[in-house]
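First, one chain by itself in structure tokens, the form predicted on its own.
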Amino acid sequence: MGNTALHRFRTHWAAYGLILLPLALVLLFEYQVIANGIVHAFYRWDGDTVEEFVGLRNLKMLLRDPEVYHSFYVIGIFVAANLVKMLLPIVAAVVLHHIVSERFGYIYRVLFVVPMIIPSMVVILVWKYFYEPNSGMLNEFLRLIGAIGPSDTIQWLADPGLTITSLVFYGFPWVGAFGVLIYLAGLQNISRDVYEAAEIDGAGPLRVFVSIEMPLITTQIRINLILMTISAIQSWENIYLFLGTGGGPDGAATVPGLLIFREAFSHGLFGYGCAIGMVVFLITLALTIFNNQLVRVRK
């Protein structure tokens, strides 16, 4: 067996080299960073010269920090909201899948992809103007229909009771091209024979969707669910651009990522930021495993 493996390596050494090079780069620039962050979670570290081992002190401080609990509560709201947001891309993909004309189907797919070209920074700035209390489109629309008075304003991003709701509504109608195209790819892999059998059995569109299409795109649903969960837990840049480092009024929309950024770069507590990051990593890993167990793929 050893000679066979050696012969295979000598024959395909170039292929092994092409595999080992990117693996080494991933280990250096990805896993080394993760390991370094976990190690520094047990240090009093300012990101530069101060580096003192403090054991579990950062973790104990984390457990006593109400801002940490609040940040995970906020992220729980965003994850739950994203579960609801997953439904519209599925519906949009099914509608696209059943468009009879190939030309119109192609046009619709292009229309879904075009928004991906727009930088996310621009999208956030447009939505920030949308929520602007004096001349923003949302308040202007509410004045137009008489829901609020001509001189009244609603502070969508400055009212603690509306901040999270406004951020959840951001991106409406939540039909992202990435999710739609993934579901559409899964739907297009369903054999035409399955649809013909359902038609012979007299199954209507709803029955076909529930009994055939949904079960057969479970793989795509699981992929999107995992990516959505990871993105929701780790995302903080949009909240930073909307509300700044404070996370809005009274820190209402502070999420773990924003808290890490604030503790590390505003307060110089890099070690404490690493400790919060380690907890975020462990929670994300646990939820990923749970999602894999929850959404079973039918063979």
Partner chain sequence: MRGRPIRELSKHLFVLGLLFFAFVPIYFMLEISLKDNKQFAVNPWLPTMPFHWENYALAWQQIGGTIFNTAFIAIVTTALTLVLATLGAFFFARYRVPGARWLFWLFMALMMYPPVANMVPMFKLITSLGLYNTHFALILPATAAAQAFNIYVLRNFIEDIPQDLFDAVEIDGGGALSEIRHVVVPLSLPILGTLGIISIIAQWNNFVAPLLYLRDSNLQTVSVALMNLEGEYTRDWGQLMAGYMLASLPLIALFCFCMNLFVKGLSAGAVKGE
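Residue numbers count along the first chain shown, from 1. Keep in mind the model is a prediction, meaning the values are calculated, not measured. Each form is matched to the other, and the largest set of C-alpha atoms that superpose within 1.5 Å is called the rigid core.
Missing here is the form predicted in complex with its partner chain; even so, the following discussion is about that form.
- A heavy atom within 4.5 Å of its partner chain in the model of the complex is found for exactly one of A197, M116, I148, V210: M116.
- Of the residues M228, I221, V168, L181, just one reaches its partner chain in the model of the complex with a heavy atom at 4.5 Å or closer; this is L181.
- Within 4.5 Å of any heavy atom of its partner chain in the model of the complex lies no heavy atom of F72.
- In the model of the complex, at least one heavy atom of E132 sits within 4.5 Å of a heavy atom of its partner chain.
- In the model of the complex, its partner chain lies within 4.5 Å of some heavy atom of Y108.
- Interface membership of F53, defined by any non-hydrogen atom within 4.5 Å of its partner chain in the model of the complex, is ruled out.
- Residues of 247-266 lying near its partner chain in the model of the complex, listed in sequence order, are G257, I260, F261, A264, F265, the criterion being any heavy atom within 4.5 Å.
- The rigid-core alignment places the CA of D46 2 Å or more apart between the shown form and the other one.
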